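The data below hold one chain only, encoded as structure tokens and taken in the form predicted on its own.
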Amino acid sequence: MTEQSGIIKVRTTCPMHCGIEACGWLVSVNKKTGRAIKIEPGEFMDPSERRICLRGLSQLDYTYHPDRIKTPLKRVGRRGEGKFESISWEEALDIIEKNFKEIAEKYGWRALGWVLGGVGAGSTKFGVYLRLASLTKSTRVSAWGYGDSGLPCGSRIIFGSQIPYGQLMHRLIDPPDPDLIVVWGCNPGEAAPLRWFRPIMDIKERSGTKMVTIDPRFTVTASKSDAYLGLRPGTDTALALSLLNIIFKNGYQKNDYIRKYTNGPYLVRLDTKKFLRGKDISDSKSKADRYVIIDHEKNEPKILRGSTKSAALTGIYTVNGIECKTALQLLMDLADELPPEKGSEITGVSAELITKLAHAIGKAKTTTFCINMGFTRTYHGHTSLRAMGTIAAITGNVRAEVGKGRNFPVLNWDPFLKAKPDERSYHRLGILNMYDAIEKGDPFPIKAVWFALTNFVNQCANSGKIVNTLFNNLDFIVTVDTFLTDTCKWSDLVLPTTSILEFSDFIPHPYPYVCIQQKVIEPLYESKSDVNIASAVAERLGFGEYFQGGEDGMIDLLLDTDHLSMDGITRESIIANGCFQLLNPIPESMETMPFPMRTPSKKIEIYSDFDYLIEAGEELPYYKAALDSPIKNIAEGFPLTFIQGHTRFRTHSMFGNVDSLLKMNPEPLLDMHPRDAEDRGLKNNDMVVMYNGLGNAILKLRVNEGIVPGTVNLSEGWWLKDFKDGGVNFVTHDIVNPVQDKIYEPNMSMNSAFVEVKKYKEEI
């Protein structure tokens, strides 16, 4: 913090979690009035990290917005009516204490669900609610399933990791530059312009790297690419298999890499689809669970003990009377079923473009696959990730999850996840599983919900079901927010929380830095930080001793770790430097190793023999159309696929009421291809109804050649007030994918909605 001419300048950090940006901010504060008057980019050790986006620049408009919630509010009208009266914090805490204890006495503490948004993940404002859930043994409702669990489900199967960015995108931050960048199902030019798109453009300029974008929309990213493949939503797996078809037919696969780092050489029984094990061919107990390969030099089976250097990669074999194929052979057989011509029929991408991309990947020395969550927000999204990751593995383009030679920060989450180490901690539900818990009491009833860091009604699947069914089954709803959002309007109690500038937190980004989000100004009105709100509730419930020290105390708890990645890093040292570069470089030998993976084989698993995958027919990344799933029951008669892209003007629904951003992006627009518009007699700027059997949204049409036929797109995050009726998620479904449910947790498949669109006619 510096001071001059009556102006205090505070180095803080944006925690918005938008593409893991975590931009540094330098905020000027008028010392006399205590008012923040300017925000500009904050410095990092690396000058290229100095950046700020539109949302960051508009933070003053957000903080000083006249519509801020100023006091706690108690509902006095019907839920959804938006009628409240101001009350004191004491009365609000009385209401919380009374309702929590009554519900806990009747149903048990697990009937209380803490529903937390992704914006808070990895910080103490998220952690304090986990700590309170742990102490009360209530239910933590996971944030991954908001649309972000499809990618982890796929990644856990093939790589054994939660997020595969390090394995696939490392060359965007590490030298040497890749020869080819494939941007698959994401739009970093708009969704993560500073964190990912800037280095991509720098690489293109510096090294002449070619870039290809795969997306149903012709995006900002596509406009800067050397080639664009516009595919139908949800057909990514079919595209990947067609690419593999060409890669295998031309021998582009890296055989030595496959032998060393994947389970491709391992034999698979054709009768059970399980890996052949030592116990299948030997009585040795010590070798019972080992994998079996074919030694191609001796042409005989070998129970694996060490090197796979002599392993045969392909072929069909009979071992001890058991017919087997290698995992790689099974993958090649699958790819053989989807030549480019057939892939083109499914995806809408020409066979020529599929073939050209396959040759480009196969011939490139190094290829980086730039991904995010978008292409996995479909019913079979986990398989899309597996299929795309398989291409990377087969061509030798997977690496360890390290970058810039430094480890990722490992923090002390134990005090938050298990506040009393010797006692059982909280219960856990995926967000979609919570729907059944509220509606059906399965696996147990949820009767009270605390919403924080999320606009649940606006952002979650099947909004109509939420407001018409789920909320009617809840006895008590609390929402913590800065503005009276759509979720607040259905709540019994609304608590005013602070803006980014009004509280302190720890931010474990941007890699390879960790930062402190310093409080810049005092909280406005009667708002409190999430840490202080949780602490006040804890005090009423008899757990006040676990929340001593406020925001700084919670940060210190998180940093109290012996892990070498955080050696010597304290809250004070971070503040003194504005941010802190992670210490303890990774040994060079580890930087280039793509393994061991945290999978059963400790390798990249292009084939998986978990029972639930075999039962579902997903031991390999088979292409399955969404309409071959339970979605078919609600999709019949609705021929258009609805998808939701991100925009630079909001982080989900945040900033949706900021005038400076609304001037640039004033209203929701539904993108439709001219051919689809003509078929329906629709014109640009017509008011239309997008609808299906679940609900509708009434908004303006934008006829747009930059979207594939049969698809309509609307950027997510628009508030219900922005529509004549309905909203973004009134047409999305909440159907659980049972495979994802078993891998990790089911995902809201926001890009697997099926709709029809017609002209809106004002009722007379």
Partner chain sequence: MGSQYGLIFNLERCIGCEACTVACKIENNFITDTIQVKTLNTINKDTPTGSFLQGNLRMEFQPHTCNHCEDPPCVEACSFNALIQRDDGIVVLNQDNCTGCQTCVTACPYGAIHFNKDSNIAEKCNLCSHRIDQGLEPFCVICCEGQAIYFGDWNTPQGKFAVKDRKDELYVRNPEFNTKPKIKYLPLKKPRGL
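Given the structure is predicted, the values throughout are model-derived calculations rather than measurements. Residue numbers count along the first chain shown, from 1.
What follows is about the form predicted together with its partner chain, which we do not show.
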query: Close approach of residue 613 to its partner chain in the model of the complex, 4.5 Å, heavy atom; finding: no
query: Proximity of residue 227 to its partner chain in the model of the complex, heavy atoms at 4.5 Å; finding: yes
query: Residue 360: touches its partner chain in the model of the complex, heavy atom cutoff 4.5 angstroms; finding: yes
query: Its partner chain contact in the model of the complex: residue 673, any heavy atom under 4.5 Å; finding: yes
query: Proximity to its partner chain in the model of the complex (heavy atom, within 4.5 Å), stretch among 454-462, 161-169, 425-433, 656-664; finding: 656-664
query: One residue of 511, 471, 197, 252 in contact with its partner chain, assessed in the model of the complex (non-hydrogen atom, 4.5 angstroms); finding: 197
query: Option touching its partner chain, based on a heavy atom within 4.5 Å in the model of the complex, out of 204, 602, 418, 83; finding: 204
query: Sequence-ordered residues of 210-228 touching its partner chain in the model of the complex, heavy atom within 4.5 Å; finding: 210, 212, 216, 218, 219, 220, 223, 224, 225, 226, 227, 228
